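Only one chain comes next, encoded as structure tokens, the form predicted alone.
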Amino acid sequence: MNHYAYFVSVGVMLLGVAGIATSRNLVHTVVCLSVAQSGTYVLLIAVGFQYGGVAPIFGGQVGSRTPVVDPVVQALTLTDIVVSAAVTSMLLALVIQIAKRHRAIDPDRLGRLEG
């Protein structure tokens, strides 16, 4: 996997950040945030990857010198996916509420937000 996964993860994150910076629609902004966060999945998986590594289930098939992948990184990736889904759903709910109150999802047309 070499360093390509790191470049891909940085590229995906930068693509999402660029989308956030240039977005004129709140739904598009939330989707771009999800894309940027997807780069972290690739980064975490790249950190935990090991050539020839197997699942760390020790028993008769896996010897003491067999390389294993890091299960903590895989658990962090799954946690990242769950957190991303929760944040995306919460932000989309906020966009719906903003659209109901202000009848606009363009950040420039929202004007001043009131509490």
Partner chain sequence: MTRRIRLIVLGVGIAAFSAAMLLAFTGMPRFGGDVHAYRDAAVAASYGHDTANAVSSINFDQRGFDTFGEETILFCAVVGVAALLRPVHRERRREVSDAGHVLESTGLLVYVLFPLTVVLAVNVVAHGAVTPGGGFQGGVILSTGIHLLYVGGRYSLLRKLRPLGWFQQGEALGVVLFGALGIAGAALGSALFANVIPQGQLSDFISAGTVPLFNVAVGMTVCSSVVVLLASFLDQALAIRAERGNGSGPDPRSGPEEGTAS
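Numbering follows the first chain given and starts at 1. None of the values given here were measured: they were computed from a predicted structure.
Only in words, not in the display: the form predicted together with the partner chain, which the text now covers.
- Proximity of residue 14 to the partner chain in the predicted bound form: non-hydrogen atoms within 4.5 Å are present.
- For the chain shown alone, residue 110 is not a contact residue for the partner chain in the predicted bound form, no non-hydrogen atom being within 4.5 angstroms.
- None of the heavy atoms of residue 31 is located within 4.5 Å of the partner chain in the predicted bound form.
- By the criterion of a heavy atom within 4.5 Å, residue 38 is excluded from the residues contacting the partner chain in the predicted bound form.
- Using a 4.5 Å cut-off on any heavy atom, the residues of 67-91 that reach the partner chain in the predicted bound form are, in sequence order, 68, 69, 70, 71, 72, 74, 75, 76, 78, 79, 82, 83, 86, 89, 90.
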